[in-house]
Every structure is written in structure tokens, then in C-alpha cells.
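This text opens with one protein chain seen in two forms, each one given by itself as C-alpha cells under the names structure 1 and structure 2.
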Structure 1
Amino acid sequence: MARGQMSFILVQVIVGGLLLGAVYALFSSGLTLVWGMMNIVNFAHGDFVMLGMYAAFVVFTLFGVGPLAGVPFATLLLALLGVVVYFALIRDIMKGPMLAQILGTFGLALLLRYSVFWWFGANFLSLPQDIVGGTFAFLGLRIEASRLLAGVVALFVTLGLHLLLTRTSLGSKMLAVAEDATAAQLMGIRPDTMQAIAWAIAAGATGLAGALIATFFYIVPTVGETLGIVAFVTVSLGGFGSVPGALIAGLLIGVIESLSAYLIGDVYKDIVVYVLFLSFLWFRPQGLMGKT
């Protein structure tokens, strides 16, 4: 009896890990886009996720509607913010050294985090537990509808971004700018416009992620700190700029975390992740799907 139950719980752990990993992938895809394509380290990424969460919360408290309205609102709001941030800050610090990017985006992170703090206060907020249909049992596995939704959306977002970059003319223009802005300009592509679009897409995807995460996570101004560092590891494991890489890396980290938390102990799970990450860098310094 014990063995059967044990392996069954193990399946539940793995399924939970996959769902968690999909969420990691979801909120990392925006980061990999700007990091990989424009070589920008965005320390404010976690706070973009946080803003998406608050956007969903505001929609819910004002109009009483769930993610159906909250997700599009958060996506649009953050896309707009992405464009504003690009023209107000990023365009200028891109010309400077990498350090200026860390400096600028770190300052931006504090500014966003504590503006939200100032407006909403420090209390923990939460959306109703059953906002996306509670939990259901499937083959004896318990699956939260909200996490499943986030996982499915993660797949679609990844696919969508991947197709956009590889199959559309907008995508090839963006990649051309990423490759060589001057050459692209000579070919009649306006780097500024392309990069602003890239920021809108990246920030929009991040806002979408935040709005979905809000359906099963608590909301607090400092939540971006918790999520930001996970996104960093996911993106670099996946390879900077590789959207499918971020998905695979996210799933991998989710499963490793869940399994090691269950088998070895939760306090060691991050140690396992970092050790694997570092040894991976040793053998493949360009990440899972990154170019050399």
C-alpha cells in the first residue's frame, strides 16, 4: 500500500512541478525577449509582473470581474508602460555600458515597487480562491484550474512569440535590429520603432503573466523580488533570447524544485537548482537553446 501511494504522490509532485514551471516560463518570456534581443538586463522585470497582478486586482475590486477582463487590461496597461519606459529611459541607457542598464532598471524597480506601496499600502491582497473555477480532480490528481489556465496560456504565449519572431516580417525586422541596428536602418527599418514594439510585447506578456499569477498567488508590492530572480535563472538557463528555451528551462526548474522539495527537503531545493544551473553553465555556457 505504502509504495503505491508513494509513487502516486510522486506523480502529483511532478504534475505540480510542471504547472509551476509553466508559470515560471510564462513570466520569463518577456524578460528573454528584451534581454536576448536588445541585450538589456531588466532588473525591474519582477516588478512588471507585480504591476500585472495589481492591475488584475484593481479590475476585480472595481468591476467584480475575473481574469477574463483583468488579463487583457493588465496586458494592455503593461504594454503601454513598456513603450513609455522604452522612450523615457531604455532608449538612452542602451547607448551606455551594461552597468547603466543595471543602474537604471534597478532604480526603476524601486520606483515602481514603492509607488505601488504608496498607493495600495503594504497589506497582502488576494483574489477569491475560486475565481477560475477552483480545483478539480483528474485521474485522481488534484489540479488547480487557475494554475492549469496559466500553464496553458504559457504554452500559447511561447508558441505565439516564437511564431512572431520566426514567421512574420515584423519578427524578422525585430531580429534584424537586434542583430545590427545600423545595418537594419540602412535597409529602411526604424530601430526605434522596432525596439519600442519589442518592449511593448515583452512588457505586455509580463503583465499578462502577472494577471494570471494573481489568480492563485498573494499580491504584495515586494512580490516582484521573489519572482524576479527566478526569471533571471530561467532565462539564462534557457539561453538569452530563446523563447522556447525559456519554456523548457521553466518546466525543468519547476519539476526539479518540486521533486527536490519533496524528496530532499524544501530548504535544499534552491541549492539544487543553483548547483545544476552552475554546472550546466560550465558545460554549455550559452544556455539550453542559446546561440554561441
Structure 2
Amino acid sequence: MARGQMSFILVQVIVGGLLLGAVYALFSSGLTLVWGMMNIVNFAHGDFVMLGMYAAFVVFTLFGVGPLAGVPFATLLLALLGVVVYFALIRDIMKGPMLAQILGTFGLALLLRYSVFWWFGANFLSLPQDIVGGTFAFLGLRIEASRLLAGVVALFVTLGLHLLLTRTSLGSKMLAVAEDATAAQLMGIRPDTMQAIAWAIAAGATGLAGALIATFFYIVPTVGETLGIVAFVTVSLGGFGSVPGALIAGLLIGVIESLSAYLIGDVYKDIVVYVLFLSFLWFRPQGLMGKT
């Protein structure tokens, strides 16, 4: 293979990795938001993404429409679920020890996963490959329309989430609650309301990401396990509580996965990601943009 052709293929692989990494960053940003505000790790996070994928599948099955309707529906459905989960579970277990938080969210993950097993079965499902469009050429690169849509939307939503937290009154109130809930309450801010909103935003982001991933990824009840691990690795690498860190880490992981799959085989891509991840955290355990 000529050197020029090899370089061109590598560029295409990297572009594909960046688009996938942007989606990783989107659903990981919800996890880092919840951690940053409430110091709680949601072990059901990957299963929230899975529900977003099934929501998009149901919309297509019932109405024959693609992401234009599936993505908003999945986002709103998961945002509502986030609020319900906060008031029904999280608000109470936050008052208990860390073990209660771990077991509570892990139990929620099992409940969601096996509920989907009961309703949909264990079969692998998928949306039509051309639901968004086929493959098109751009500057000589061959790009799948579904991956381009997912990557671009995920990138803009993640940046929008960062701006929401840093440039709006709502974001200032949420950050105030994250810093000191008691002091924020004395200033007239209701911590319960802000934390519920945070869960709505975090869960809505997972629903949006899940609906986007469903356009090119397999759909099965256990997919949340895989995506949950990706989210934890992304957030740990970027730094817990940092949305920009999650974005950078997500893009890096997407590129590393794609390059590893191309250069040494798809079977080994996860090994490469996790080895590099552990090696990095050995020297910087707080992550790329975490607090020292």
C-alpha cells in the first residue's frame, strides 16, 4: 500500500474516531455533571443510554420515522426518568453512606436492564442502516451520514451543556449547590430543585446520545454495561466534575479505539484503551482537567 494511501486511510479512521468520541463525551458529560453536583456515582448511567436506544427503536417501529422524532422523544423520556429517579431514590440514598449509593444505583441498573429483557427479549435489534442516509464523500473521505449526524449533534450539545453551566443563571445556581448546598439554600436557592434539574439534564443527555448511537450501533439490553464502562473511563480520564474534560477524553478514546481497531484488530481495541487509561491515571489520578 502506498504511503499516501495509507495516510489517507488513517485520516479517515481518525475522523470516524472523533465522531464516535463526541457521542462518548455527550453521554459521559451527564455522569460527570451528577458527580460534580452531588458527589454520587450513577452505576445505572449506561442503562440510561440503553433506554435511549430502545426509545429510538420504538419510535421507528411504531411510526416509521428516524432520528428527527426519535432523538427528541428519547431525550424527553430520559429527562423525565431522571427526575423520577432523583425524587424516588437518589434524594434519600444521598443521606446514607457511600455503600448505599453504590448499591442503590447498581440495583436501579439491574431493574432497568431486566425490565427491558422482559419486554423486548434478549435478541439483538438494530435500525435500518440508511435511516439517516447512506455514505457520502467529503474531501475524498467516505463518511456515514448516521455517524456524522451523531458526532456533530453530540459535539454541539456537549458544548452547550458547558455553556449552560458556566454562562447562565441556572448554571450558577447549580454550581452554587454543588459547592455548598446549605449556603446556597440560605441565598434562596432550592437544592432539591437544582439537583432534580441536574438529573434531568444528565439523563436527557444519555437519552439523546442513546438515540443517536442507535442509528449505527446494535441494540440489546446488556449494551448498557459496555457503554457504562466507556462513560466511567471517559469521566475518570477527563476528571470527575469537568464537562470539558469529558469532551476531550471522549474524543481521545474515540480516536484511540478507531486507530487500534484498524492497526491491530477490533478485538484488541478495548485492551489498548484501558491499558493507556490506567497508565495515564498512574501519573495523574485526578484526570486531565480534574482538581488537584
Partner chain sequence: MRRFLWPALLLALIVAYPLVFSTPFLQRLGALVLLYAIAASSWNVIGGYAGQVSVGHAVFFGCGAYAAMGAYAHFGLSPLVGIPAGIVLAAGIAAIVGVPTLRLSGHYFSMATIAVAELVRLVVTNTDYLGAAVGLSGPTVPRNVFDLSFISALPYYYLFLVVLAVTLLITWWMANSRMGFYLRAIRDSERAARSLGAPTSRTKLYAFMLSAGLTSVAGALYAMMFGFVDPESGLGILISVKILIMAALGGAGLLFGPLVGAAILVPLEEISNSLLGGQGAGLTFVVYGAIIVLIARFQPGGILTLVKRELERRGRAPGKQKALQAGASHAP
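Definition used throughout: the rigid core is the maximal C-alpha set that superposes within 1.5 Å between two forms. Since we're looking at a predicted model, the values are computed, not measured. Numbering for residues begins at 1 and runs along the sequence of structure 1.
Of structures 1 and 2, select the one representing the form predicted alone.
Looking at both, the form predicted alone is number 2.
Fit the two forms on their core, then tell me the C-alpha shift of V272 between structure 1 and structure 2 in angstrom.
The alpha-carbon displacement, core-superposed, is 3.0 Å.
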